[in-house]
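Just one chain follows, in the form predicted on its own, and it is written as structure tokens.
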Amino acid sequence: MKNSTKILDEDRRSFIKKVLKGTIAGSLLLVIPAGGNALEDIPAQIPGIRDKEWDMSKKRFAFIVDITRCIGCGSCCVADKREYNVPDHNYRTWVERYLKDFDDNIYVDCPNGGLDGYQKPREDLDVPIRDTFFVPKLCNMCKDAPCTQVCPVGATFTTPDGFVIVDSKRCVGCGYCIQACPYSVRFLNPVTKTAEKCTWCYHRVRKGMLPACVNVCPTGARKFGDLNDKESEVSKILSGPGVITVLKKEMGTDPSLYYIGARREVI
């Protein structure tokens, strides 16, 4: 038994060395965030919680997407698909590409939800493009969520800590919540036949971990944290200078998802 344990330990050490040296192929962005430390950031935790009591009832979470930082790499989409085994052609989060020509015409596309990244220009456009930007989309986690109001069986509900969740065991797949969502972030899972959407990785957050997409973003375009913690990054951003917007404000849903650098073409 001692010899087998020793062999396992040696194998682990050998594997870690190969990963850190880059001799093992794979997308390390999905394992270690840019600038992260392998021992400290796997899994990455919400800043400010180390060595502190983690009480979800005292938290007020917010998600911020900085469009000026998004490079359309698709790492967030890949992480989400792997985390939840999302069926093909369905997306809990996706990244749209916006192109603007010199006449201010806007062209929007989102091939495969941005899962493959945007490495090639659009071949169907024959006009000069003067600006390109990317817009990640996900659940807005509305405080006044229309989806919870229309569910006939109470499968879609808001948790005491403010997360809008779907109970797949109760969901009957009627699709009312999908139609009610003004942000089109819900879909009917073709395998389970139940409604599904982004949950901001509720299962991870309850453990003090960052959402998977935030964890892998190489440019820090996705930010998540507790607004009740005045020292948190999201709290400082939302209370500081700069233009912070939400999508479809006129809908009155009071979303907890905020955007930095969102242009009029988006909001």
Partner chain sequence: MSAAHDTVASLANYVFPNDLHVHWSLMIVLYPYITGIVAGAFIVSSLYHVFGVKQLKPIARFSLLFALAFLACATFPLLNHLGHPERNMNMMLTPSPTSAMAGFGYIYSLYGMLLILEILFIYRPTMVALKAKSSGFMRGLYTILTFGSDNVGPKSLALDHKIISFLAAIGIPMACVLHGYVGFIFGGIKANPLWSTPLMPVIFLLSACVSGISGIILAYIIIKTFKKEPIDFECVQTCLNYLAGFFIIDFVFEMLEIFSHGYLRTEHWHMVDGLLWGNLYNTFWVGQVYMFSVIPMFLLGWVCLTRVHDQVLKVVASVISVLLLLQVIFMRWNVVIGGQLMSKSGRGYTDFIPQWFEKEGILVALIIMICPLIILYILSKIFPFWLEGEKTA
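Nothing here was measured: the structure is a model prediction, and the numbers come from that model. Residue numbers count along the first chain shown, from 1.
Keep in mind that the form predicted together with the partner chain is missing from the display, and what follows is about it.
Asks: Hey, in the predicted bound form, does residue 139 get a heavy atom within 4.5 angstroms of the partner chain?
Replies: No - in the predicted bound form, heavy atoms of residue 139 and the partner chain never come within 4.5 Å of each other.
Asks: Answer with yes or no whether residue 122 is in contact with the partner chain in the predicted bound form, where contact means some heavy atom within 4.5 Å.
Replies: Heavy-atom contact with the partner chain at 4.5 Å: present for residue 122.
Asks: Do residue 170 and the partner chain come within 4.5 Å of each other in the predicted bound form, heavy atoms counted?
Replies: Although the partner chain is absent here, residue 170 would touch it in the predicted bound form, with heavy atoms inside 4.5 Å.
Asks: Is residue 143 one of the residues lying within 4.5 Å of the partner chain in the predicted bound form, judged by heavy atom distances?
Replies: Heavy-atom contact with the partner chain at 4.5 Å: absent for residue 143.
Asks: What residues in 162-190 sit within 4.5 Å of the partner chain in the predicted bound form, counting heavy atoms only?
Replies: Those in contact are 168, 169, 170, 171, 172, 173, 174, 175, 176, 178, 179, 180, 181, 182, 183, 184, 185, 186, 187, 188.
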